[in-house]
Ligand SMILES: Cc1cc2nc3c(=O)[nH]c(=O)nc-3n(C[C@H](O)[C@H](O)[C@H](O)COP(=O)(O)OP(=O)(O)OC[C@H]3O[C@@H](n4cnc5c(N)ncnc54)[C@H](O)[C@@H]3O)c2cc1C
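The chain below stands alone and is given as structure tokens, in the form predicted on its own.
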Amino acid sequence: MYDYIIIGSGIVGTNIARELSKYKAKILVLEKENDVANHQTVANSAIIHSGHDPKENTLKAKLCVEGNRLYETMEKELHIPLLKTGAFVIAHDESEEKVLDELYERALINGVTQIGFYSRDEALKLEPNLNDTITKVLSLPSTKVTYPWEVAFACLENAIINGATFQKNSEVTRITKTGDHFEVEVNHQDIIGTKSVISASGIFSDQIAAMVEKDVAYRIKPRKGEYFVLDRKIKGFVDHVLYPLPTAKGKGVLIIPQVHGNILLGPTSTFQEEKELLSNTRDGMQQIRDDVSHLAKNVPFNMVIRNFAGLRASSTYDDFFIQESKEIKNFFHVAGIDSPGLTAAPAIARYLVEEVLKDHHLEKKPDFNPIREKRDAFYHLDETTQQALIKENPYFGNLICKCEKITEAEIMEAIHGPLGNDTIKGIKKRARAGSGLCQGGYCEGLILRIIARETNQPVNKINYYALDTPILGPETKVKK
């Protein structure tokens, strides 16, 4: 019998797991996919927002500002990457400058302390590639960028070190309240008992809630965002996150430096009914091209190495929905976590545990270990350290992904690590092998064979990502 089952291992679910693991409680994280952070967390802008945009006196505003601050601590404890870019919100005329003034006032109300303005000339000295038509920018120095799924991995690894349990490929198919506990059915067959359920199910939150509630207080409205990824050779084209003025659809199409040197362009914002349709569209790609031209000149679209799309869990409730069910005691909603959900995630977890669960009178563990150790990527290490590693393990001397300079030893560690994975995309998420200019064109076959060797599987059984997605089809040239 568990004390808490957390449904979902995205950025929110994994932060909740880590926060709860500070207390004496038996915790299980269930994930329906074949990996951690497969949906909203793996396909977003990666920005740790300052808190200038959320409506005043909302949970989004409060938890965004607090979450931004908490990432500074997480960087030290969990060894997550954090690129301190700062951000500019850009105006092009007097009417737009008035909106900047309104955003400035909102930011102050929300508790943003680092904020100011730059004139056109001052901004162009800092960012020479800004569009020539800009007249003024709002500067947000506390804006940062991280690597979202690395944060989720770090939080869950730390939670596991502190006693939590993780179970992937475990889709919740039914929840029944029986007396003072829940019976959670997984994959239509296994029943797991728990005293409380915390739903951090992203775009599927309303479906999970409907398993226990007659009248769910919100409906999830999936909002698709499309992106371009620019090759890291253009690192330095811009150094700040560049925002347009926000609209009712969100923060708009942005230019976003990334921790590994790439630049993201996007996202678009389009509502759709389908919860698993992630295709890019001609209209979306064209919108990005049109919109970013208002932020910067000479955008190097010839350096696009891939495009992708992700879904955000927008809801009909006009804020984050973090509360206990009014119908079923000990069922907790953490829903409608769209932007700034990545930023707010650690603060959401703390708010849930300290405010929403305060009647549970949880007792802190005296031996909680907040540290998650992680070595820097091999190519970032000094030559002496590299040579010592190669002497200890010769696989460090075998370069597999030449674009990202990833060694065979690092791929092996990604397979066998605390949250190891044996899929092509799982290794890409953990080690960045295949993330460069060729997008795996040269190294994917080698990675496939390394996974097969390390897991004792034939190469035609290695999945791309989900279960039953073998990357190789049947042989076509065989002797009869």
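Please read these numbers as outputs of a predicted model, since none were measured by experiment. Heads up: residue numbers just count along the shown sequence, starting at 1.
This protein has a second form, the form predicted in complex with the ligand, left out of what is shown; the following refers to that one.
Asks: With the ligand left out of view, which of 216, 90, 164, 208 would have a heavy atom within 4.5 Å of it in the predicted complex?
Replies: Exactly one residue meets the criterion: 208.
Asks: So which of 172, 406, 80, 292 reaches within 4.5 angstroms of the ligand in the predicted complex, heavy atom to heavy atom?
Replies: Selected option: 172.
Asks: Tell me the stretch among 283-291, 368-376, 306-314, 92-100 that has any heavy atom within 4.5 angstroms of the ligand in the predicted complex.
Replies: That would be stretch 306-314.
Asks: Residue-level contact is defined here as any heavy atom of the residue lying within 4.5 Å of the ligand in the predicted complex; does residue 339 satisfy this criterion?
Replies: Because a heavy atom of residue 339 falls inside 4.5 Å of the ligand in the predicted complex, the answer is yes.
Asks: Report whether the minimum heavy atom distance between residue 225 and the ligand in the predicted complex is within 4.5 Å.
Replies: Flag for residue 225 set to yes.
Asks: Can you tell me if residue 200 lies within 4.5 angstroms of the ligand in the predicted complex, counting non-hydrogen atoms only?
Replies: It does: once the ligand is placed as it appears in the predicted complex, residue 200 has a heavy atom within 4.5 Å of it.
Asks: With the cut-off set at 4.5 Å between non-hydrogen atoms, does residue 53 touch the ligand in the predicted complex?
Replies: Contact with the ligand, no.
Asks: For the spot marked by 10, 40 and 267, is every residue within 4.5 Å of the ligand in the predicted complex through some heavy atom?
Replies: Yes: 10, 40 and 267 each sit within 4.5 Å of the ligand in the predicted complex.
Asks: Select from 42-74 the residues with a non-hydrogen atom within 4.5 Å of the ligand in the predicted complex and write them out in sequence order.
Replies: Result: 43, 44, 45, 46, 47, 49.
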